[in-house]
Structures are given as structure tokens and as C-alpha cells.
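Only one chain comes next, encoded as C-alpha cells, the form predicted alone.
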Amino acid sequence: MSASSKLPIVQMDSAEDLAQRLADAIVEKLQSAIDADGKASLVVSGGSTPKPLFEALSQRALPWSAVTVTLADERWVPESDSDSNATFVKTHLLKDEAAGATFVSLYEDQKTPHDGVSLVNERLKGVPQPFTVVILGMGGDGHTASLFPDAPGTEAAMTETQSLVSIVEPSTVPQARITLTLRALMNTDCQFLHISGQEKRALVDEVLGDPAQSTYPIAQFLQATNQRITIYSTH
């Protein structure tokens, strides 16, 4: 059995109960970092899965003014676009108790990500690192952040050793993406993989069987034995 197959898995029957349980774990880590260093950082993902998690976190009492929030990835669209992950985070997370957190966007008002990527990279250097908590999601094709299988830019994003962000231009989705690189996403002592649904869980179980042989991008995270990645999943 590989070391990765022993990764801790927290399972709940409902997405709402899972979100509450994960919110507890995230708040504990953030509070510990604030107690120790006076600041903390939280990297979150987009998609539909984290909505109940964001709603739960927004109600948790925490010194949110000491927390900097940023994204694992973003579509290259302005916040006025309904596909913006930044807008999703601001709508569901950065409100109520969490309204005082600082948000660092991965979007720059430039025509293409190629025009703005260097500005975003410099901005991210101001986010406390190593990141306190990184929350990853996963698509049905095994992508995480915007590390899409076989997409132009994915290999560079997974091997880049200097930049915090990279551009990915998958043919399977309408917009170009900017994503934290593999190196940046791994620069944390606490990663959570948050998934919901039987199909995604089956894919994760497949990868855990032999992550070294898997071509799914998520396998790069699950086989990293020096990381503590906890999987939060519905049954």
C-alpha cells in the first residue's frame, strides 16, 4: 500500500454537514496561525462545491482582519462577469463575520492573461507564505485549480519553479485561466481536498490506488508524501 493511500479521509452524508466539519478544521488552522504570527492566509477554489463551505466560514467568529484570502485559480474575466471566481468568493465568503478579510485577486484589468500575469505574480508575493491553508477542489476530469489534463500551459504550471502563477488555456472550457503553480499550491503545511458526489469520490479512490501511475493532475498532490492532505468527501 502506498503512503498516499493512507491519506486521512473525512466522510459525511450531506454536503452541508461536510462543509460545517471542514469549516471547523479551517478555522482552527487559521486561528492557530494568527495566535502564533498575527496573520494567516487562505487559498480557496471556485466551482459549485465550496458554496456551502464559504457560507459556513462566513459565519465563524475569527479575527478575519488578520486573514488574507486568495484563489487557487481564476478565469480571465472581470468581476462583473458571472463566471468570476472572485465574485463568487465575495458573494458567499467575504461577508458577515468574514467581511474584514483581505482579498487578493488573480485578475488584472488587461486584455489577456499574458498581459497581466506578471502583475498578478507580484501582487501575490504580498500574501503570507507558506500559505496557512490551501483548499483544493477537483473536476470530473481530474483537474485541480486550473491544472487541466493535457491543456496548453498545464505542464509549465506543474514544473515552474519561480512564478507563483501560470497561464493555462484549456480547449474544454471557454476562458483562459490563471492558476497558482504546483509549487505555489504545495507551499503549505495544510491542504484540504474538498469533493462531493460519487463520481468524484470514485476518481479519487482510483488515483489513491496508485497515484504514481495516474496521469490526472490531482495525483501530483495525492502522491506527495511530505504533505498532509486531508480529503473531505461526501459518501
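Start at 1 with the first residue shown and count on from there. Computed from a prediction, not measured in an experiment: that's the story for all the values here.
Absent from the display: the form predicted in complex with 6-phosphogluconic acid. The rest refers to it.
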Quick check for you: of 135-143, 109-117, 149-157, 90-98, which stretch puts a non-hydrogen atom within 4.5 Å of 6-phosphogluconic acid in the predicted bound form?
135-143
Would you mind picking the one in Lys29, Arg60, Lys39, Lys200 that has a heavy atom within 4.5 Å of 6-phosphogluconic acid in the predicted bound form?
Lys200
Does the 4.5 Å heavy atom contact test between Ser171 and 6-phosphogluconic acid in the predicted bound form come out positive?
no
So in the predicted bound form, does Gly46 come within 4.5 Å of 6-phosphogluconic acid, heavy atom to heavy atom?
yes
May I ask you to check whether Arg75 falls inside a 4.5 Å heavy atom distance of 6-phosphogluconic acid in the predicted bound form?
yes
Output the sequence-ordered list of residues from 82-106 with at least one heavy atom within 4.5 Å of 6-phosphogluconic acid in the predicted bound form.
Asn85
